[in-house]
Ligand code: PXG
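Next comes just one chain, in structure tokens: the form predicted on its own.
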Amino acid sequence: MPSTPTTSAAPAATRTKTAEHIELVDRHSARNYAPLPVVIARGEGSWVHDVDGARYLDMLSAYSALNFGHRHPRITEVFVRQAQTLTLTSRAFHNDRFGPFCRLITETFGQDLVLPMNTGAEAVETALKTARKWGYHVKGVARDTAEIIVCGDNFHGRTISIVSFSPDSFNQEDFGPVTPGFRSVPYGDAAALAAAITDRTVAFLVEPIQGEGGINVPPPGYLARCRDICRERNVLFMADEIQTGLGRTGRRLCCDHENVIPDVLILGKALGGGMMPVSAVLARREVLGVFQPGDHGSTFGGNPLACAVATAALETLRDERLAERADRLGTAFMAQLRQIRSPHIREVRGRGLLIGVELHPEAGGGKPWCKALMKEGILCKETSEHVIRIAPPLTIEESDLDWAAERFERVLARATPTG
């Protein structure tokens, strides 16, 4: 596939299919998203085509679910072959893909047990239930009093329990009453964590880098210090690596930057290889072993198709050394972004290929700039209002990143997003 697009947008006169599709969505879909006005119809590698034939470089990767790019040949082959053999049994029966997957993922991340689910939010909910039952049965916390400490500016999903500890009141508005049992401390402040722990504390839930919060990178040593505090106080250190894991930040896990092995590891997004929702919670036997039959489950969790795809994803991550690739390419790309002379850029930060370009408030927010980038053939999305999130597939070509850097410079050098 050529490394640069033949065109960044189809002629206006032919852009009728996009309008038709968007009109259908507006008429028949609940409006829980505000997507950019592009209708993607085909993807391969780091590139996608819309319904009108325009071609774009995908710099979002479905919020890191597409670490392996669109339709990675190895993962696609496994997906098709397994789909033609066996797709679903439910956990009422064993299937021949489940055991090998469990062995590979636990050995890969140095844990004893895994509990597979589907979505990231399901995995976080699973971790919350794990921590509470562990607190009652292992730590000895009085029943129905367990507390879990979370961080300000967190994002772990949108279920009722998760939005109950969201820092954004908009996520809680109209969805109360909120679920009790959570305390919040400032992100990046290990001393605040230590001060917040009580006899009722069972776990500390943290993103190694906050994605939705604005690609917030904590101070060096923060994760290791928090892990040590949790160990000293008999509290579970739970790392939400749904967005940061599987090579995204230049390591197999973002926690690997500080040689931290979480007590509870939460994975999702890229674990499905860009093919389907797959998530997992991993922990040592003392922790996940608290579950008994009937305590928790999912009809689709651990299905043979998911297990086959997740196995292929883990093997591809290892065999293609994608974490190392993300480290090398991300370092070079961030250096290019930091060289852009623009009055709008406040900071460029990140690790590996998880990068945030924070704009000054006077720039008018990230959304209009993402729309301007879309017109140049680049798809990305704002987060935390003023931050442009950049997270391309880990398989992206270096020449494509060079091409993207030129477009970022061209757009961000403007006085306004429109010119």
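Given the structure is predicted, the values throughout are model-derived calculations rather than measurements. In case it trips you up, residue 1 is the first one in the sequence shown, and so on.
The protein also exists as the form predicted together with this ligand; that form is not presented, and the subsequent description refers to it.
Tell me, out of T311, T119, Q111, T76, which residue has a non-hydrogen atom within 4.5 angstroms of this ligand in the predicted complex.
-> Only one listed residue qualifies here, and that residue is T119.
Sole residue of Q243, N303, T201, T126 within 4.5 Å of this ligand in the predicted complex, by heavy atom = Contact check passes for Q243.
Okay, which stretch from 341-349, 192-200, 102-110, 234-242 lines this ligand in the predicted complex, with non-hydrogen atoms inside 4.5 Å?
-> The contacting stretch here is 234-242.
Taking the shortest heavy atom distance, is E212 within 4.5 Å of this ligand in the predicted complex?
-> Yes, E212 is a contact residue.
Report yes if any heavy atom of G181 sits within 4.5 Å of a heavy atom of this ligand in the predicted complex; otherwise report no.
-> G181: no, not in contact with this ligand in the predicted complex.
Distance check, E207 to this ligand in the predicted complex, heavy atom within 4.5 Å | Yes, E207 lies within 4.5 Å of this ligand in the predicted complex.
According to a 4.5 angstroms non-hydrogen atom cut-off, is R158 in contact with this ligand in the predicted complex?
-> Heavy-atom contact with this ligand at 4.5 Å: present for R158.
Heavy atom within 4.5 Å of this ligand in the predicted complex: which residues of 22-61 qualify?
-> The stretch touches the partner through Y33 alone.
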